[in-house]
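Take a look at this single chain, the form predicted on its own, given in structure tokens.
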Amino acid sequence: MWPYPKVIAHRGGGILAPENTLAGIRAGLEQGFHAVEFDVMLSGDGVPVLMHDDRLGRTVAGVGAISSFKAEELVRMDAGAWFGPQFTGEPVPAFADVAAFCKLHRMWMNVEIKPAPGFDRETGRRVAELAQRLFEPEISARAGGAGAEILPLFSSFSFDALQTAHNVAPEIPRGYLVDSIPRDWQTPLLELGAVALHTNHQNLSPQLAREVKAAGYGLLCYTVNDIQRARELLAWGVDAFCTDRIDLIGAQF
């Protein structure tokens, strides 16, 4: 059973605000979304920050690998100007600050662990350790019988990162990310103790959707920006999807 929201704001604000920023997450909230997906990577000194690319240049001006900068340097960088002048000065946020904002506003989080090359296990470990501290009350509440929906859901394309997160913080649920569902898809999910499979909707078929659901797993798709496609996927049994078009596909879709 999928206990989480059905429609999730991709990287915070979808097309309405710069990705992986607090401005983006506020934009999602303003559109009525209480479910958000974002990427978490490590700074050079091991602090989890919101970032998709492992190098500067696309969403944050500059040159160099993210792993070569300390967190105090990254959080002073402009992550908004590329999107529009109204977002100039929007900083790279720390995961801890975003988690605090989401908890305050009761926003459920799909935390994609996004390791830079060579930092898979370290990223999984650091993100899981921090999340375990941040969500200690919620973990205790769940142990007492509260629902899974009060905790974030880790996801990652990196098996090693997700496995490490599982070892460090087994209480926080996991979803395994794949672009195309492989024949042996159940094997990594079993090894990870995962509750869900996350996949590219373009590579999903009705038969594969039925197989995943029949095996008892949640099924999430990325990134669905067309209303008709969203309806088709839900009809196949897909539980949830991320969307950039939070202006078009509402939270209550």
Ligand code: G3P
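The structure presented is a predicted model; accordingly, all values stated were derived computationally and were not measured. Numbers for residues come from their place in the sequence shown, where the first is 1.
There is another form of this protein, the form predicted in complex with the ligand, and it is not shown here; the text below is about that form.
Residue His52 is the only one of His34, Arg210, Arg26, His52 with a heavy atom lying within 4.5 Å of the ligand in the predicted bound form. Residue in contact with the ligand in the predicted bound form (any heavy atom within 4.5 Å), chosen from Leu177, Leu130, Ile139, Met77: Leu177. Using a 4.5 angstroms threshold between heavy atoms, Tyr222 counts as touching the ligand in the predicted bound form. Among residues of the shown chain, Arg126 is not one whose heavy atoms approach the ligand to within 4.5 Å in the predicted bound form. Contact annotation: Phe159 falls outside 4.5 Å of the ligand in the predicted bound form, judged by heavy atom distances. Interface residue remark: Ala17 is not counted as part of the site for the ligand in the predicted bound form, having no heavy atom within 4.5 Å.
Contact with the ligand, judged by heavy atoms within 4.5 Å in the predicted bound form, is confined among 131-139, 87-95, 106-114, 160-168 to 106-114. Shown here without the ligand, the chain has His10, Arg11, Glu37, Asp39 in 3-41 lying with a heavy atom within 4.5 Å of that partner in the predicted bound form.
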